[in-house]
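To begin, one chain is listed below as structure tokens, in the form predicted on its own.
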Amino acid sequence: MSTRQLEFPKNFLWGAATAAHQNEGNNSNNDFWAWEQISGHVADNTTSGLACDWWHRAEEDFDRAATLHLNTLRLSVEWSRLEPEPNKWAHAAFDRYREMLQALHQRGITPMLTLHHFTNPLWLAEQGGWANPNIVNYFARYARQVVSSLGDLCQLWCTINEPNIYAAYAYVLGEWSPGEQNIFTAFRVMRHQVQAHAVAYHTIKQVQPQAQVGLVQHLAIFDPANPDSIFNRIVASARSTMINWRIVEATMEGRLKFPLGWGKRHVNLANTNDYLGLNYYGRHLLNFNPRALGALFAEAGTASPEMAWPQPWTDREIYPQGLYKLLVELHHQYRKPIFVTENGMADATDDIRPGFILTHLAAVHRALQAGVDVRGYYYWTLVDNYEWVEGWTTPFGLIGLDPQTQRRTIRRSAQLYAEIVEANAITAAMVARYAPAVMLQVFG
């Protein structure tokens, strides 16, 4: 057997990413809980219910993370638990989060904590949520309270998860609360999220100067379905600019460019990332559609013939080289440390996931070899969880979960990931054992 291997940096962070509403259970005081109770909003007509029951038994899954040799875990705090009414704080909830963070440290797992992962307290939703400009001050107040209470147990902070995805699903597609379909409101929401991120960044640094703070952005590859079509090329480029880069540009360059603004520079927005968080899931092929204003005049194209594997529940391709491309582009543009804060796929049979992990980690390694400062990788997700409007239909977890019995099953892909983490490397023997079909993609 070949001794070829891809070695990772000595202090590389190996983890998994999670979110409060998707894992904790019974988060009944937020807007998504209310949304999922309405018939037709969720693919399988389920509700989150107990989810993974982390509010009571997260430590059991932390033990499983430790057996997989993970040295970091990304999780979020639930705003509606901590501030159930405006400016009224639930001390028992803060105590529970302290227990969870302490439990991670006891297991040698570094926490990365996200302040906002899609859900809003009901009181905030009733005031217009992220469309209300008051959200910026509310979020700063919330950030100060959380960091003041938990900062001694956390150094790595994410302010807001995927502002572009939240705005698209809640205000363009209408699939998440509040179910609006107004692209202009969506742009206003993204502008408020950028402003809230910046205010939270400065607030956190005032309370905890040594903290590492960043925004987590979903970046995708947008390519023309037909590269020979100038209209397809234009809409693919526009989608990438508007959806991928405008938010990142605002938080790094300090300019709110169209459609977030008209290019005015705001000093308080500039350089408000100590690191960049990249969530990556694949590539979208686009066709021009002059009637699709809300989709920036684009519609999904046909998957390309060279697509490696199918993803039947989504229109995006599995495209590992896209992760390399985005890491290199972020590095060249901003010269900041980067964490791959989410990367994963739903695979009930666990047939495809091992190859997915290997090829995407090979892309990360290639970026490292090209000089990109990648500090860590977080697979999405540790345990099958409630996947928003997909409900329980998209099992992303390294660990399988039966939501009815709460029974866990360690998947084969989890065993692979544990071997990679323990070795701090990908070896040819691992590839041959778990996904020999991707050997050329990993070592080619």
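Model, not experiment: these values are computed from the prediction. In case it trips you up, residue 1 is the first one in the sequence shown, and so on.
Absent from the display: the form predicted together with a small molecule. The rest refers to it.
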Since the chain is shown here on its own, which stretch among 403 to 411, 47 to 55, 61 to 69, 380 to 388 would lie within 4.5 Å of the small molecule in the predicted bound form, judged by heavy atoms? 380 to 388
Contact with the small molecule in the predicted bound form, heavy atom within 4.5 Å, among R191, H284, H117, H365 goes to H117
Just to confirm, E83 within 4.5 Å of the small molecule in the predicted bound form by heavy atoms? no
In the predicted bound form, T251 touching the small molecule (heavy atom, 4.5 Å): no
Answer for W392 alone: is it within 4.5 Å of the small molecule in the predicted bound form, judged on heavy atom distances? no
Though only this chain appears here, would E162 touch the small molecule in the predicted bound form if you measure heavy atom gaps against 4.5 Å? yes
